[in-house]
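First, one chain by itself: the form predicted on its own, in structure tokens.
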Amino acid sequence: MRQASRALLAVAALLVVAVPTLAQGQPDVSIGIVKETAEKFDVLVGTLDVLSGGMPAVDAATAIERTVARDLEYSGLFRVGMLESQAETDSLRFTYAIRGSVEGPVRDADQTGEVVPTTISLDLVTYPGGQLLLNKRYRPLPEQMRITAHHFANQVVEILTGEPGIAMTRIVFSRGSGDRRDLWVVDYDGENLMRLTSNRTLNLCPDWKPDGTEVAFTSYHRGMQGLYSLDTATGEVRQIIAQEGLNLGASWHPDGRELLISLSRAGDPEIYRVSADGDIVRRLTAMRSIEISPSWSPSGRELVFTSDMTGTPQLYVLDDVGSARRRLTWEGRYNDSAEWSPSGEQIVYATREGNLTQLVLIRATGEARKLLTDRRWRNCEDPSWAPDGRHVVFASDRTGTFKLYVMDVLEGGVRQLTFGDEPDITPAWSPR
């Protein structure tokens, strides 16, 4: 589980220390527990007209078409059709279409070796009427084709739904085994995998600052367990707080000025509010029990956390001054890794069912408990919400090694996000 089971890992370590679904050819799979019908937009992604630029422009057009189509499919909001040629389309039933053109650099500029932008024009129109709803013109360099497509896909989602898309979001996670795990980051679609840390120690439980500029994480970066922050622009790592005992996990406050953390400075692990500079602002719990895995609500006025005060780890909700405690869960012998949905209406968490860990969705009021996974998926842990409040990334060992998967909690569809032989755990979805 995201932090409680990782707490055991951290305690053990404390004593010692005192790639993309389509590219991999992997089919999407379905968990089969959550199945709801949602209204979808039918959109046709047409073949872009290549006006100049030769094969580089053709390759750019293909990349744009496929990336936009995949982004719309992954949103869960669209049924997407693609044309490989300008064939007759009158019989196709679509409500919208995406069309456009690619104009590559002139040959003389290409021959000089100069890096010249390509001109991309993309339109969203009604189909078959052709009424223009959105027009965007881009001038990307070759390495910017995917981000151009992601940006346009997000614009399509926003103009049709009024909500921002998630195509430009990223997921940070911990990869490795034993006492050597590094932070990695990957685009939401499994592309652009990149290593963030390389300090030959344990780094886990990352959490994004709300503005996306920093990632807080637990590490033994300087020989003892502490909470650190990594600047996402420069890669610079700074210490936030490092005290004797556990300094486990972190949850940024929605305003980005504070974090929640579990510290064992007074004995048993308790929940504290600390400033972004590491000053202790307030101790929120003071029980003869283990209090871990805190997560702020979107309003910043409440938090959910795990406590074994009744004998088994259950979820509790507390206000931001440490009062008005209420018990959230009553089922499951081990509940942990809770995270509030962006709307604040639901909470996703991991629960031990028999000898396996599964994911559960529950209302923030404690009602309507619903299993999201089943035993076919073995252990499913560490859930983290996408900013759209519809998708969750989590770790599962269904293949024998923990890898990351993305689930549509409305319809139940799942796609594998990461691949390889090393375990991937504790993912966190970026806020933008």
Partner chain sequence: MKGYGRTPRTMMSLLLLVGTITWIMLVAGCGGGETEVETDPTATGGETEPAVETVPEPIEPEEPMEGAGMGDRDVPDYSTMEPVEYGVEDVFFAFDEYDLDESAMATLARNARILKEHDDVVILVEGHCDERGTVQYNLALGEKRAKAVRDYLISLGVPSNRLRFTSYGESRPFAMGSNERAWAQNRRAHFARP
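Numbering follows the first chain given and starts at 1. Please read these numbers as outputs of a predicted model, since none were measured by experiment.
Although not depicted, the form predicted together with its partner chain is the subject of the following passage.
Q: Spell out, yes or no, whether the shortest heavy atom distance between E65 and its partner chain in the predicted bound form is within 4.5 Å.
A: E65 lies outside the contact set for its partner chain.
Q: Give a yes/no on whether R170 approaches its partner chain to within 4.5 Å in the predicted bound form, heavy atoms considered.
A: No - in the predicted bound form, heavy atoms of R170 and its partner chain never come within 4.5 Å of each other.
Q: Give a yes/no on whether T357 approaches its partner chain to within 4.5 Å in the predicted bound form, heavy atoms considered.
A: Residue-level check for T357: yes, a contact with its partner chain.
Q: Quick one: does G212 come within 4.5 Å of its partner chain in the predicted bound form, counting heavy atoms only?
A: Looking in the predicted bound form, residue contacts with its partner chain do not include G212, since no heavy atom lies within 4.5 Å.
Q: Can you say which of 136-144, 203-211, 159-167, 316-324 gets within 4.5 Å of its partner chain in the predicted bound form, counting heavy atoms only?
A: Careful reading of the contacts points to 203-211.
Q: Can you work out which of M194, M224, L83, I280 has a heavy atom no more than 4.5 Å from its partner chain in the predicted bound form?
A: The residue from M194, M224, L83, I280 that makes the contact is M224.
Q: Just one of V348, I290, V116, V125 has a heavy atom within 4.5 angstroms of its partner chain in the predicted bound form, so which one?
A: Contact with its partner chain in the predicted bound form is made by I290 alone.
Q: In the predicted bound form, does each of K40, A69 and G190 have a heavy atom within 4.5 Å of its partner chain?
A: Not one of the three qualifies.
Q: Go through 236-270 residue by residue and record those having a heavy atom within 4.5 Å of its partner chain in the predicted bound form; state none if no residue qualifies.
A: Result: E244, G245, L246, L248, G249, S264, G267, D268, P269.
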